[in-house]
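Take a look at this single chain in structure tokens; it is the form predicted on its own.
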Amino acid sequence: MAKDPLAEAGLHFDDLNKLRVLDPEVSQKTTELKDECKDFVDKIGQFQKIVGGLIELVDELAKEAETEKLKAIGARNLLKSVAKQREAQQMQLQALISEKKMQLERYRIEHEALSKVEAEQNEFIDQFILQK
């Protein structure tokens, strides 16, 4: 097969019989590569948008989780302080109960003593009345 002198010179005819510097096959592959690159760049752009949205969503969730974590810590601390307050109040009430028990015992002893004095005085009065 004889070589085309134009092809040897680097000139080619395309499908429309236009004279081209590039081989039609190379030109077609270049166009295909260009289209694939454009598609790839578009897909990368979409991917970046999706990833950006995902990152924003994860950031919002992280902020919400941190807020809930702080609320939980606050509630736990409040619960601890309430428990300590109740414990302190219980100790105060127990001390008050002990104090009231001691006061009751003092009053009981004083009542017994006064009852003896009353009985003695009644006996003295009875003896005094009988002697008259």
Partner chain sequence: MIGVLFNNGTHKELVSSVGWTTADELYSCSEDHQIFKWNLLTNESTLAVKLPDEIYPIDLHWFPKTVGGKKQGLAEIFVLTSTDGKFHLASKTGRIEKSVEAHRGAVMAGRWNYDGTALITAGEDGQIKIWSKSGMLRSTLAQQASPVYSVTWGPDSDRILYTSGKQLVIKPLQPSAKVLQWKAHDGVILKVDWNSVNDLILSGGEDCKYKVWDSYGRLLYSSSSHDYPITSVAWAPDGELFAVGSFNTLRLCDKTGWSYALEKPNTGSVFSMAWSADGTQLAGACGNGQVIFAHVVEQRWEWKSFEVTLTKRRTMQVRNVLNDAVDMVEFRDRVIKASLSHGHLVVTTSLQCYVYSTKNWNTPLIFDLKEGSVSLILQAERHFLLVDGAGVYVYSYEGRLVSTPKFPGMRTDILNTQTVSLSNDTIAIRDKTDEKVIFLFEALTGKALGDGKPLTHKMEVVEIALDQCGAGSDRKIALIDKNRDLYLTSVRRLSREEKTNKIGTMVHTMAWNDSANILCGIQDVQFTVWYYPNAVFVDRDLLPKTLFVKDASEFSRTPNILNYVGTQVTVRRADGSLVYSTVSPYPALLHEYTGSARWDDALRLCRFAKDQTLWACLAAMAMANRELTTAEVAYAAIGEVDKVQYINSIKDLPSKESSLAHMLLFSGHVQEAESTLLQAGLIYQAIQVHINLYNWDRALELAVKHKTHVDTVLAYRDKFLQDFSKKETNKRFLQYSEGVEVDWGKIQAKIEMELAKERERSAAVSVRSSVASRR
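Whichever C-alpha set is largest while still superposing within 1.5 Å between the two forms counts as the rigid core. Residue numbers count along the first chain shown, from 1. Here the structure is a predicted model, which is why all the values come from computation and not from measurement.
Just so it is clear, the following notes concern the form predicted together with its partner chain, a form of the same protein that is not shown.
Contact check at 4.5 Å (heavy atoms) against its partner chain in the predicted bound form: none of Ile55, Asp59 and Asn77 pass. Of the residues Ala65, Leu96, Ile73, Val41, just one reaches its partner chain in the predicted bound form with a heavy atom at 4.5 Å or closer; this is Leu96. Here is the short version: of Val26, Cys37, Ile50, Met91, the single residue with a heavy atom within 4.5 Å of its partner chain in the predicted bound form is Met91. Residues of just one listed stretch (101 to 109, 41 to 49, 65 to 73, 26 to 34) have heavy atoms within 4.5 Å of its partner chain in the predicted bound form: 101 to 109. Taking the partner from the other structure, its partner chain in the predicted bound form has a heavy atom within 4.5 Å of a heavy atom of Lys116. Using a 4.5 Å cutoff between non-hydrogen atoms, Glu123 does not count as a contact of its partner chain in the predicted bound form.
When two forms of a protein are overlaid on their rigid core, residues whose CA moves 2 Å or more are considered shifted, and Tyr107 is one of them between the shown form and the other one.
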